[in-house]
Ligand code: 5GP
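Next up is one chain by itself, shown in structure tokens, the form predicted alone.
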Amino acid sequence: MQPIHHIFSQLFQPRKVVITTHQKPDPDAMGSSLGLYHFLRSFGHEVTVISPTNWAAFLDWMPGCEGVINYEMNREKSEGLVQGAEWIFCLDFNTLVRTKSLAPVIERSSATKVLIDHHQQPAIESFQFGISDTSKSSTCEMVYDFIVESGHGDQLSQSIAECLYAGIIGDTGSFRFPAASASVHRMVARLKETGLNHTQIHENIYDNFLENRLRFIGHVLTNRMEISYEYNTALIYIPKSDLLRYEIRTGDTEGLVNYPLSIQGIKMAAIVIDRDEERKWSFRSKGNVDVNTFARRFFEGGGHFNASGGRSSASLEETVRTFKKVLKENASEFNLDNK
């Protein structure tokens, strides 16, 4: 994979471009995709954003989101666009399998593939150009860097700023996490100069749910959360029946894994949700607890040192038993015991 700056000189030549991201895109995934979308369109490129799946309704306010194509709902159109693309930008994922059923379509494409991502252990052999930087707070920060370092910071518009800011607050926990570096705050100051209304974006993302979600969270924290003070860990497990009972939609469980980290002494929080085809894990941690390695070793996942995801094909009951077993056997290695 060649350094991404090698394509800076080619930005002036209009091309057919597809931008894609990981399945079930979060604010960083959608924000980086749409931020780059608006930037490339300013140079006359023909740009389409394709999401591998649907996304949370609280992202629909983003400028340009109305034009994003859901691959699972528009396979023929999406595959035609990928086949005809000259560039494919792959944002906020480190390996093509994160794009689910879209992955083989991208692999077959003869387009030049460009990676912009901040997750660990990228599959660089899948991309001709790109940048992978785990020190970055978010892919939105990296798209901002791409714009500025290409020499076109003057193209930063309010639409780009709104998209990028959404991803920044999503992946930094509204500037709570260590990745919210001085450069992130300088970036936000620059975005504010475009006329960005940061209060409205916070409301769009965090104050934009239905009543049933709040009742669902109350039920989960009361009935589906287990605390292991011996291993400084909290586990939340959500059966499919809860999702149906509370009519939970895509995005309604976003951020739920972070709640137990507010408990004194808890170093790792884990949530597993019973989906139709698999059990989906999310892990969050504090300090020197490496949930990236934990997820990779035991649950076919990975991500960041303090934030990662995973999966299991086993039943909910069995995957919970597995979690408790590997936690007990490996607590010392992951700095989770009280010794």
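Bear in mind that the values here come from a model prediction, so they are computed numbers and not experimental data. Residue positions are given as counts along the sequence shown, with the first one as 1.
One more form of this protein, predicted in complex with this ligand, exists but is not displayed; see below.
Judged by heavy atoms within 4.5 Å of this ligand in the model of the complex, the contact stretch among the candidates 51 to 59, 296 to 304, 33 to 41, 65 to 73 is 296 to 304.
Between the options H119, R190, R213, H198, the residue in contact with this ligand in the model of the complex by a heavy atom within 4.5 angstroms is H119.
Remark: none of the three candidate residues (R249, G251 and R275) comes within 4.5 Å of this ligand in the model of the complex, counting heavy atoms only. For the chain shown alone, H45 is not a contact residue for this ligand in the model of the complex, no non-hydrogen atom being within 4.5 angstroms. With a 4.5 Å cutoff on heavy atoms, K113 does not count as touching this ligand in the model of the complex; it lies far away. Remark: S285 does not count among the residues lining this ligand in the model of the complex, judged by a heavy atom distance of 4.5 Å or less.
Contacts to this ligand in the model of the complex (heavy atom within 4.5 Å) from stretch 94 to 116: R98 only.
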